[in-house]
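Here we start with a single chain on its own, the form predicted alone, put down as structure tokens.
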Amino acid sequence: MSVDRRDFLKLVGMGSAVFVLGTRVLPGAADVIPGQDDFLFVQLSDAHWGFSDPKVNPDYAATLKKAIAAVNSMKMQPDFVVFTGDITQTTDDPAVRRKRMAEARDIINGLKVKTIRFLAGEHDAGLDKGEAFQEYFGKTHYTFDHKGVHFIVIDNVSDPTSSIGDVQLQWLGDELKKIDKDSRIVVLTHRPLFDLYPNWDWWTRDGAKAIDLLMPYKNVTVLYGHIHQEHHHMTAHIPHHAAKGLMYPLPEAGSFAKRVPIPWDPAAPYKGLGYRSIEAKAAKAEYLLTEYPIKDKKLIRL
């Protein structure tokens, strides 16, 4: 992981990793704006519903359900849950694509929390430019506000060239003009906006243009998926945090000639699979990330 330890402190305890994340360049309290309250949300990513290789994950039909059950069992329920893409496994058959989306949607609707935000991944949207995804999960790019934080969902998967595209970049620029430079901003996207490893499609072709638009804003944090592992990176004052996947882990960038899933280890089942909670402290422009593993325990039927 490319981690700038000046920007956050890693704490370890009770089998989950906790990170305290600041989004400001310089130390010191951020300006307090009315309406900013602490809140909790959960990030799930890369469920790949429809994947079925037992050598990679013999529990492929249950890991998404286990993640939903785990979130439902949290003592403090989140305000909302966000899925950062690849909800389903890709398929060339439009009918199968929609069947998988319907099944995944029904499982996800088993969450106690009823506010759920969805992002497309390239497996969901890359073959039909997001047509089926929008039928089941809504728009592929949009904004929303929650307790003093402005969330921006960027679609960098519907374009088969791994791009955001000029039209959406214009939209992003227009949205940013509506808010002031000290706004608390969380960007949600599937692929990384920076060039993590283009040879494995771990990048966004025009991601630098999006980062340039975000750069004047003091308090920006980016949360993404796609790479199936926890990863932390800084672009100037903007931190980027990748989440683990729910179906299979992937190796570190460039560690193998090809990007292939890490095989299932019977001695360490569910290794590398997980999800995270994010405690937003909007007044301080800080976020507390807690990483949770998928555990081999009795499945709560949904």
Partner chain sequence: MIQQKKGLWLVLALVMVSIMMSVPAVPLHAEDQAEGDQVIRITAKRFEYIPSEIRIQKGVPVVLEFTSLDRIHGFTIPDLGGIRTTIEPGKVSRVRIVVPTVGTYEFHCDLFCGDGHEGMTGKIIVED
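Residue numbers count along the first chain shown, from 1. Since the model is a prediction, treat every value here as computed from it, not as a measurement.
This protein has a second form, the form predicted in complex with its partner chain, left out of what is shown; the following refers to that one.
Note on the interface: of 136 to 144, 167 to 175, 201 to 209, 103 to 111, the segment with non-hydrogen atoms within 4.5 angstroms of its partner chain in the predicted complex is 201 to 209. Not displayed here, its partner chain is approached by residue 258 to within 4.5 Å at the level of heavy atoms in the predicted complex. A residue is said to contact a partner when one of its heavy atoms sits within 4.5 Å of a partner heavy atom; residue 126 meets this definition for its partner chain in the predicted complex.
Contact check for residue 89: a non-hydrogen atom falls within 4.5 Å of its partner chain in the predicted complex.
The closest heavy atom approach of residue 94 to its partner chain in the predicted complex falls outside 4.5 Å.
Within 4.5 angstroms of its partner chain in the predicted complex, the stretch 141 to 174 places a non-hydrogen atom from each of 160, 161, 162, taken in sequence order.
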